[in-house]
Every structure is written in structure tokens, then in C-alpha cells.
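Only one chain is included here, represented as C-alpha cells and corresponding to the form predicted on its own.
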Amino acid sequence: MQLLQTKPIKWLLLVLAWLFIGIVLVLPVGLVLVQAFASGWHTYLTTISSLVTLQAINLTVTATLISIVFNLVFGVSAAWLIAFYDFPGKRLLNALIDLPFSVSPVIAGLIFILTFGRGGWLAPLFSAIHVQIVFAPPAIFLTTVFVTFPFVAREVIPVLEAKGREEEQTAALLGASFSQILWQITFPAIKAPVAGGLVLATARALGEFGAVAVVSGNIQGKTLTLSLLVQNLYNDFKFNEAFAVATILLGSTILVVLLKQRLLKN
């Protein structure tokens, strides 16, 4: 213990930490910013305000908001069910929540292709009602929800399990309704983990690439998200434009991280 508190060890660890952060984080971010503005402010502003970029922003934000709603509703519901109830298949459900963590995003995209694509299991049903899933915005929304689903549930489940059911059961015996129990007893206890989970889900949804790339078809103005737009611009050798669009994702991610830190302090 005294060895760890010596000044040489302290300064060595401090130098290693800042060196790692500088090489892995600060330097790459700085280079992105330099490249984004390499052609001047006019080119940068023209790129991020173009119709293609605005359409990509709109689709990315829409997919993120939809994933947030689903994460809030179904993440909290799954956490409540697993933490408070015993039922057949509980362990299986608990394990399946982690599936998006362990499955490659590309594989996740292929799963939705096999399910909703042409010749997929559910393709006849959606064809009959003239709804296109794959290579359309619904596929973007579904894959984004899939890859972000575990975040809220995994943040909330340990808190509910540690908290126990005693307060909820006492309130129920005293005649409190389900909504009163939820909003006045349970939700205040899980407010911080729910917020933290939503922040993590938001960051993942904004930058999701692998699963979205498989199901989107890269259709400009229809299924092109910000991450896909960056790839397209880079592949077309429009490097400055690609890095300019990347700064939007970078700025959004930084804001999300700052929001998480603020929520954790509160």
C-alpha cells in the first residue's frame, strides 16, 4: 500500500495515463478537426448544411429517439420483471438481454435481412400490407433498437435487485395503485441508472454503423445515416467532407458523455 502511494509510482501512472489518452483519444480527435476544416469554414459549413447531410441527420436523430423510447419502456419493464418476479424462462430472458452485446452488428443486420427481407420469414406478411422493412427506414429503426436494448435493462436490474420489493409490497398493502407505486417509489430509486442507460444507448444509436449498413442499402435521402454518409464520402475520396460530417457525430458524442457525467454527479 505504501509502495502505491510513493511519488515516483504516482507520477509514472499519471504520465502513462495521459500518454495513452493523448495517443488514443486526443490526437485522433484533433486530427479529425484539422482535416474537417482543411478547406476552410465555407467548405465545412456548406458540407454540414447540404441537403444530403440534413437528411442523414434527420434519419439518425429519428432512429435515436425511437430507440430511446423503446429502451425506456421495454428496458425498465424487463428489469422490473427480472428483478421482482420468478417465472419459467427467467434465466433465458436474462441471458437474451445480453445478446446484442455478444452478437456482431453485421450479424444482427443479417438477422433482420433473413426475417424481413425478400424471401424472409415475415416478408409475405409485410408484402401483403405493402410495408417495406429492409432497405427502408423501418429497418434502421429496428436494428438501432436491437443494438441498444441492453443498456437500460443492464443499468436498472442490479439497482432493483439490491433495493428489493419491500417498499412496493408495503405500498400495495396500504392501497396504493400500480401507477403510484411506480412513480412515487420505484422510479425515484432507478432515475439515475435509467438516465445513465439512456445516455449510453443514445451514444450507441448515434454512431451505429455495422447493423445499419447491412439493412439500409445506402439509399441517399432515404436510408443514409450520418455514419453511412461519412463512409460514402470517404470512399469517394471526399476526405474533407467526410471529416466535416464526422465532426457532427463527434460533437454529439461529446455532448452525450458530458450529459452522462452531469447525471452521475446529480
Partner chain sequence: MQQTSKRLIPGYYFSLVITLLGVSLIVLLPFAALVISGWQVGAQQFWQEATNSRVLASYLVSIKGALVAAIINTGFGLLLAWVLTQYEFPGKWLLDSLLDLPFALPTAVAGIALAYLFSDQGWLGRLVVPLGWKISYTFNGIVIAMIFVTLPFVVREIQPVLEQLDFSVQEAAYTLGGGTSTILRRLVLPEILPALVSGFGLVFARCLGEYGSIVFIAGNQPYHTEITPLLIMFKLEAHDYSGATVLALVMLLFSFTFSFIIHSWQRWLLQRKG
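These figures come from a predicted structure and were not determined experimentally. Heads up, when I say rigid core I mean the largest set of C-alphas that superpose within 1.5 Å between the two forms. Positions refer to the first chain, counted from 1.
A second form of this protein, the form predicted in complex with its partner chain, is not displayed here; the remarks below concern that form.
Although the partner is absent here, residue 139 is not a contact residue: none of its heavy atoms lies within 4.5 angstroms of its partner chain in the predicted complex. By the criterion of a heavy atom within 4.5 Å, residue 196 is excluded from the residues contacting its partner chain in the predicted complex. By the criterion of a heavy atom within 4.5 Å, residue 44 is excluded from the residues contacting its partner chain in the predicted complex.
Proximity of residue 173 to its partner chain in the predicted complex falls within the 4.5 Å heavy atom cutoff. Comment: its partner chain is not present in this chain, but in the predicted complex one of 69, 52, 219, 27 has a heavy atom within 4.5 Å of it, namely 27.
Residues of 68-104 lying near its partner chain in the predicted complex, listed in sequence order, are 70, 73, 74, 77, 78, 80, 81, 84, 85, 86, 87, 93, 96, 97, 99, 100, 102, 103, 104, the criterion being any heavy atom within 4.5 Å. Once both forms are overlaid on the rigid core, the distance between the two CA positions of residue 254 between the shown form and the other one is under 2 angstroms.
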